[in-house]
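Look below for two forms of one protein chain, each set out as structure tokens: first structure 1, then structure 2.
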Structure 1
Amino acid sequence: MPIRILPPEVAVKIAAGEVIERPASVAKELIENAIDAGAQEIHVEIAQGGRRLVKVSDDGCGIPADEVELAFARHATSKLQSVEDLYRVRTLGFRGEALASIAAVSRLTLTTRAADEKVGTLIRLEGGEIIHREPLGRPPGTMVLVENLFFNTPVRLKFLRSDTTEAGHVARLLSSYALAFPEKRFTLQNGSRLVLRTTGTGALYDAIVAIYGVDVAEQMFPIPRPEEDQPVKVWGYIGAPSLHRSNRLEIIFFVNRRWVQDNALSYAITEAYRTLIPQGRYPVAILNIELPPEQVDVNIHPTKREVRFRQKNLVFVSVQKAVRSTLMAKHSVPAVQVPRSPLAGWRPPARSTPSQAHMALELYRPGELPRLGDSQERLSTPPQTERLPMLRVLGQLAQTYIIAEGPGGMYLIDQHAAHERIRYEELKAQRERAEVASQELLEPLPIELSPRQATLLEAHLEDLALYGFEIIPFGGSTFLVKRVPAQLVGQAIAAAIMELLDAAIDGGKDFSWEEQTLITLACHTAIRAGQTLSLEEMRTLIQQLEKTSLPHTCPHGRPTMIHLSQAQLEKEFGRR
């Protein structure tokens, strides 16, 4: 085929596809324009997840009447004057592609008025073409109304997710900019519901309260902004080790107040929390990173989500040091100690392997079972193709593990994991029979969610009602829990709901509300580690576990027990 120059209408749609991926991309570009225009109040409104409507209004400097049409030309910007400016960008926008890209794939209306003009301007575009312009009266600032996104690119429209998912992306976006610019007042309205409103006091803590609620904010440790001159300055808030999530979404970075995504920085944070939070869980962190503009390249990704540091190791170390030093000052870091033998005065012989010497430690790690010599057997989980053997309960270890004897040797049963399996199958059977027991709370329990969590919860209130929940919106991102499954009464109700929402956010397209609700309820209503059980209670638990369909694993997939065979015991005691 001969080489041809693409028609302008094709070229602009290709460019728009790189910049505008979904409704949140539209909101991002318009919010950044409002911030660069010096706006103090930014109001965002969406409908049908943003595919039908995204509206951004601000009280910024506005666009002069004679520059309104030029603003929609490709590569037209007021933020760069020369090539040198590209290497010391101080604004959020700089390429001059946003308005042209948005207009190319939507029906767009813009009204604006510069502060020194008496009359404003209205302009309408469809598919990038100007179809109407007129003067009108309005206060200084700008309003951009984007309707019917991707109306002329139906293939791209098919790739959008559900309205709830798209609205969640917008909510997370606005929350992040509200954290980056706590001195500005942000509001987000989804249809008729006000999802987010920040006060604009300038205090990051106040923005955290508005977005996450007081309960989360009170568990955050401040990292103060360094006063002395440093090449890289890091400040913000990090969560206490007790505050953790099932995904990395709440690890948020701002580089010179630009919201960015950086895997290396996320790794720096998680490494700083090593040994402080459970494996597979992630901390909450909101960090500002400030460095000279010439030390960071922001022109490496069409959507400006990624940046490149000229001294990446220095940034990595600065972030990790700031986080770790704050954690050590606010929270004592536990030291890892090798447990002594329970037999007083006993020492392993010189020829013993490390696994033999630390056997007592390894019994607590069913996922990391040691090899007890080159030709010796491993500790093992019971074969999952068999039912449980007859077990005789002997006692409890560390108020966490049930010690039992069976025909094949000794068994250690994790009481929480075992009861999780029992509760999961009980709840599943109740749900299938439509006999889920629920109880009304004496006083409704208020829970404060992030805007994204609130949007998700509101869309699935009916799903939760099938499991005994009655939850109603209470304004903004606050909900009232009026009724819960009966066995959840007296438990951490808010934590259970938050865990379910986090799992839904992180679950992707294969996520099942039914399955995850059962797992979450089973986890939060099961016997806990550290709970003392009587011999009768332990026997009852083992009997109930024997009746389950999958007694060897909990609903999360962890083993419920480990097995030390009779032959292995004889080898360890020198009887074989």
Structure 2
Amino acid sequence: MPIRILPPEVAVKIAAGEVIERPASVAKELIENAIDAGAQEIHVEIAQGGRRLVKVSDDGCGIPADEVELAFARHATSKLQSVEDLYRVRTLGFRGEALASIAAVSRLTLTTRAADEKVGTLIRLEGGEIIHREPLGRPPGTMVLVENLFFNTPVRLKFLRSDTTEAGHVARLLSSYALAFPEKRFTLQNGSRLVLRTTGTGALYDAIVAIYGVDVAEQMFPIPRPEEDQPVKVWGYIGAPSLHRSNRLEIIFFVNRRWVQDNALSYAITEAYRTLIPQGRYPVAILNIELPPEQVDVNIHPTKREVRFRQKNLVFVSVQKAVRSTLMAKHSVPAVQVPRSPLAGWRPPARSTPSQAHMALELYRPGELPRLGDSQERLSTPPQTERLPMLRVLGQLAQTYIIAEGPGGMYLIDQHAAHERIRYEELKAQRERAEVASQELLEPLPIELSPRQATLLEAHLEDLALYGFEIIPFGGSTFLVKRVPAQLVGQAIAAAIMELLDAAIDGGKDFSWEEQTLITLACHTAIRAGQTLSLEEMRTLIQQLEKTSLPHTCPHGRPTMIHLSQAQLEKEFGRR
């Protein structure tokens, strides 16, 4: 096949594909334009997750009438004049690709009026072609209406997720910009529902209150903006160690007010919180990183979500220092430094067997280093298919593990994991009998969610109703809980709902509401580690565990018990 230069309409679509991935990318480009235009008020409206409609209006400087067409030409921008400018980019956009790319894959209407002109312009494009243009009266500013996104690229359309997921991405995007620009007023409307509104007071704290609610805001520690001249300035808010999430989504960075993703920075923060928050949980942080524009290269990624620092280490250290010193000052108990043992750095081979490995360490005689290769054969989780043997409870260890004797030697049972399994199967059986007991609340309990959580919850209210939750929207991202599953009575309801939503966000497409709701309920109603149990309670627990269909693992997949055989004991004590 001969090599040919691509026709322009094909080239444009390919380029557009890099910048515009989903409705949220449209919103992103348009919001950045609005911000670069000096807008004070930015209003975003979406319908059907942005698939049908994304509308961004602002009160910025507008586009002069004679430049309107030019704005849709590729590589047309008012933000950059020369190559030198590219090394000190101060605006959010600069490539001149956004409008052209969006126009190429949608039906787009733009109305605008420059502040110093009397008449504005309306222009309509379809698949990048101008089909209509007329003068129009309107206040200064710009409105871009993007309809039927990807109507001419069916493949891209197929890759879009559900409306809820797409709306969630837009909500997260808006939240981030609102945090980066607290002096601007942002509103986001999804269909007829107002999802987010910030006040634009200029105080980051107010933006945090608007987005996360007062409960979260009150648990945030400020990192003030350093006064003196520093090469890298780090400031913002970080969550108290008591505030943690199951994912990294609430670790948000702005580099020179640009929202970026950077795994190294995220890691720097998570590290700063080490030992302060439980393992597998992540802190909440909203950080501004300010450095001279020539120190950052933003022209790395088509959507500018990644940046490159000229002095990566300096940035990393500055962030970690700022976070750690704030935590230290606020958190009176210093974090314990665990002395390095000869085995530090060694990790158990697979995620599913951590308890075995730790156990192995305990069993060695003092002074003798464990031979790591042996640990696998020394201890084993009992084979999965086998029913539980008859167990005789001997006692409790560290208020967490039940020690039991069976015909095959000694068993250690994790009380929480075991009870979780029991609760899970009970709840599942109830569900199969289609019998769900729920309890009404005396007074509706208000819960405040992040816009992303709220969008998700709103879409799944009916799924939750099947399990006995009755939750109704109460404006913005506040919801009222009116009824809860009977098992949750006496438990922290808001925490359980948050956990469920976070799990749903993490789970993505493969997520099963049915299963996760059961797991969350099981986890919240199971006895905890650290709870003293009487011998009778432990016996009952084991009896109940025996009746379950999968007694060897908890619903999260961790083992409920580990086994130390008679033969192993004899070998350890040198009897054989």
Partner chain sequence: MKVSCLQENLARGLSIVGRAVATRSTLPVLANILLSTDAGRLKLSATNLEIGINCWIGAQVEQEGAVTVPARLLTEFVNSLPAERIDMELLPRTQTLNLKCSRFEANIRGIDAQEFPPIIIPEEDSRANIPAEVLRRMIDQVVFAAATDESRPVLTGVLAEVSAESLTFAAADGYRLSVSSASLENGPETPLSLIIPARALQELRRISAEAEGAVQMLVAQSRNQVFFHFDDIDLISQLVEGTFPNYKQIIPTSYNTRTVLDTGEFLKAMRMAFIFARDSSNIVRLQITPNGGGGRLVISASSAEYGDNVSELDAVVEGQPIEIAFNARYLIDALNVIDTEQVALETRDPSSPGVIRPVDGTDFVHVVMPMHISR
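Between two forms, the rigid core is defined as the largest C-alpha subset superposing within 1.5 Å. Only a predicted model underlies this, so the values are computations on that prediction, with no experimental measurement involved. Here, a residue number simply tells you its place in the sequence of structure 1, counted from 1.
The form predicted together with the partner chain is structure 2, not structure 1. Relative to the superposed core, residue 109 undergoes a C-alpha shift smaller than 2 Å between the two structures. With the core held fixed, residue 442 shows a CA shift below 2 Å between the two structures. Residue 394 is among the residues whose C-alpha shifts by 2 Å or more between the two structures once the rigid core is aligned. A C-alpha shift of 2.7 Å is found for residue 534 between the two structures, based on superposition of the rigid core.
Fit the two forms on the rigid core and the C-alpha of residue 570 turns out 5.1 Å off between the two structures.
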